[in-house]
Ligand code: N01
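Only one chain comes next, encoded as structure tokens, the form predicted on its own.
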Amino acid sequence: MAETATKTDFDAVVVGAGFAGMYMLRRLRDELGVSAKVFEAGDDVGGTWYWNRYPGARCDSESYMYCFSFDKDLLQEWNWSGKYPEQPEILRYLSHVADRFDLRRDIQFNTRVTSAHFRESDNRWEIETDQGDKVTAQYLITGIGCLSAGQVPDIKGLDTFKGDWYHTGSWPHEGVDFTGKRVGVIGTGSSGVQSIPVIAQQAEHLTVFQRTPQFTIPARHGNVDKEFLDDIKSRYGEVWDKARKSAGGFPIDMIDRSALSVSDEERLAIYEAAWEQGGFHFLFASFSDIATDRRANDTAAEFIRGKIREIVKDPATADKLVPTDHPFSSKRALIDTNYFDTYNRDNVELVDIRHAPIQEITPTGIRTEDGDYDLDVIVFATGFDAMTGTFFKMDIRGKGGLPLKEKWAEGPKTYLGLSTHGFPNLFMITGPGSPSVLSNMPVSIEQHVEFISDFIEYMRAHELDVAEADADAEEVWVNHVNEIANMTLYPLANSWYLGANIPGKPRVFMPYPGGVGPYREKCDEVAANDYEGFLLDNEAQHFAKVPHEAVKMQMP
């Protein structure tokens, strides 16, 4: 341990100890035999699930698929209690994984990486932390998550508020007691939709400040059926293989059926069945053209609007909750438990801040154009500076001292979401330009970790010191991502997928929308062709460069 504590030169440094960083460490250390150090800002493993402890926090992926698949025994021995994994159980699971594979001995907790500069003289990264660490590494690998940089809106007067305020993405570990409190929640995205029903049950009064009404699908969350889990465990290999080849990283049978090809009665019956089943089945297993054809999408959107009006008893409140300004699923598809029912409670009030914007936060609450709301607690469920925000919290500089923030000033530019030109040996797990947030994250994380570790193994076997994205391959990939995004309905919403929630952020569609399976095929093809699209540099200065056309990929 003493040797590890004083060591300053590593083969690899990994940033973050969530799903991504933990598996990356496991592969590097236990399978490749390279020296690795992980820096983690929290005081234990968990990543996003370490910080997001707000009431009702849970994952939208079903529990049997929100886990690691790399160890068959691990898959069999862990038993999830619910249909969807809740935050405390996910954290227990990740702690179990850390114990089982003895990962913590190579993780330095309570430590944030502040800077990482590429040193061209010897092709190494110089990395510094807020704890005074100064280390070098040949490879710098980010496992920092796509939704990690919490966004608190710049509202006048926040510093004058005499009550307590919290952001859902950085929740107190001891929890918050809302009993007898007047609570205001700003935001109705994923964390708002999950937390609002739980807070409402405890608070004396809850005021929800909504800017954008949301389409949500019922989760049908509950205890997991043991027979179902036993069946899954008996054929986990087949289930995971199906997920890896799918569009979203789920083992769901896609239906090749247009919403416009059936009668109104049949369409309604299909939507009703999918609504009762709940979860992402409504999106993936009802009709195949909901995400790409506006006319088909309108049928799904109108069905959900009808459900909102059916559930919410007060017509005026229901009207405020009905989304009309964006297609269904063009923003992140939300899975809820009793969200709309919550607005039937006597202690819950909905404020439409699109029509009566927040003017300021006062010492006693929130002032909108329509008046004052007295509050004891304010909860910001206002999301994140997604995909790039956490990168920019570190001073990352590549060749010639180029800051990553400057390289990405007009939006993130990567090759496969794994690498960016001018930043040698910087590998990003689920970076911008990969499926990431449009998929079941563990499936995408494992695929990236395995690609990166295989790439490093290849480099070591061929005595290659440096790998970076070729600028031409990067440009083709970025154009390809945009081309596919424009074939979908995603650009029709002001979502965090495009950075629209951050003032001044470039409007660029950041994740890859072509599907997990096709993306994996492309990565496999790149690896099989000696990592085409990457510049590979050894002591003899040999380069492998791929023509533009070779990295093009057809829309799946």
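Numbers for residues come from their place in the sequence shown, where the first is 1. Note that the structure is predicted; figures quoted are calculated from it, not measured.
Form predicted in complex with this ligand: not shown, discussed below.
Not displayed here, this ligand is approached by residue 54 to within 4.5 Å at the level of heavy atoms in the predicted bound form. This ligand in the predicted bound form comes within 4.5 Å of a heavy atom belonging to residue 381. Contact check for residue 186: a non-hydrogen atom falls within 4.5 Å of this ligand in the predicted bound form. Using a 4.5 Å cutoff between non-hydrogen atoms, residue 147 counts as a contact of this ligand in the predicted bound form. Though this ligand is absent from this view, in the predicted bound form it lies within 4.5 Å of a heavy atom of just one residue from 286, 447, 212, 87, which is 212.
The contact with this ligand in the predicted bound form, taken as any heavy atom within 4.5 Å, belongs to 353 out of 219, 353, 243, 176. The chain is drawn here without this ligand; in the predicted bound form, the stretch among 58-66, 483-491, 37-45, 515-523 whose residues come within 4.5 Å of it by any heavy atom is 58-66.
Taking this ligand as positioned in the predicted bound form, the residues of 120-157 that bring a heavy atom within 4.5 Å of it are, in sequence order, 147, 151, 153.
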